[in-house]
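Take a look at this single chain in structure tokens; it is the form predicted on its own.
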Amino acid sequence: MKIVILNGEPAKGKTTGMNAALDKIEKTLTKAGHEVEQFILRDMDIKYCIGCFGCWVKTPGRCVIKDDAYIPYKPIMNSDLLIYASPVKMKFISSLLKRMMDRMIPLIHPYMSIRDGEMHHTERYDKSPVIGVVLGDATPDDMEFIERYFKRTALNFFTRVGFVLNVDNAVKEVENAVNNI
């Protein structure tokens, strides 16, 4: 299985629980035979989306902002599982991870259709990866709220959320969840 991890931990160093756990997850999954690529977002130049919709109008499928946000696009769309990882800050994912997610809008079509009585984007690609979420410092309420957010996000990517886990016990649970996807 091809797996991409978007590491939205803003703090540097292996001493943070999130960074250490993600490194263990990457090693465990690689050892199990999966192809894993981790993008450390804090080390990338990712500017804020300016809402110009150039990615839909001027350069369809590609953001007009020149930075590193496009680098994970192809690996993401060629993966089977996309793991979003972030500590919880103010009851939500880090602004770093959210900024990257905002910049992923070129991966969906601007066109809309009605599905299940709701307006959603139409499919740009034949397949999208299953979404996994690993959170740090999350309360049960945080986990529930963030899971709902990712389930709504998954609708526009024509995919589903495979798991939402707390980083404290995520290494073994991610391995188990991956085996059930």
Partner chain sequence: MQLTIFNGSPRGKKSNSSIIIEHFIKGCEEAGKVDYKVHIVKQLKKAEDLHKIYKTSEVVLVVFPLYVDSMPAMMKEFFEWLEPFVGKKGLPKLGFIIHSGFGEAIHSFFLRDYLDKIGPEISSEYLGTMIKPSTEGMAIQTSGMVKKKMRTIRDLAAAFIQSGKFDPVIMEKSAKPIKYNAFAKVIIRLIKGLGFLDFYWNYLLKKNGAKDMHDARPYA
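Computed from a predicted structure; not experimentally measured. Residue numbers count along the first chain shown, from 1.
Here the subject shifts to the form predicted in complex with its partner chain, a form of this protein not shown in this document.
Using a 4.5 Å cutoff between non-hydrogen atoms, Arg152 counts as a contact of its partner chain in the predicted complex. Its partner chain in the predicted complex comes within 4.5 Å of a heavy atom belonging to Gly117. Contact check for Ile93: a non-hydrogen atom falls within 4.5 Å of its partner chain in the predicted complex. Proximity of Met44 to its partner chain in the predicted complex falls outside the 4.5 Å heavy atom cutoff. The stretch from 23-31, 36-44, 128-136, 152-160 that comes within 4.5 Å of its partner chain in the predicted complex, counting heavy atoms only, is 152-160. Along 54-76, residues Trp56, Val57, Lys58, Pro60, Gly61, Arg62, Tyr70, Tyr73, Lys74 each place a heavy atom within 4.5 Å of its partner chain in the predicted complex.
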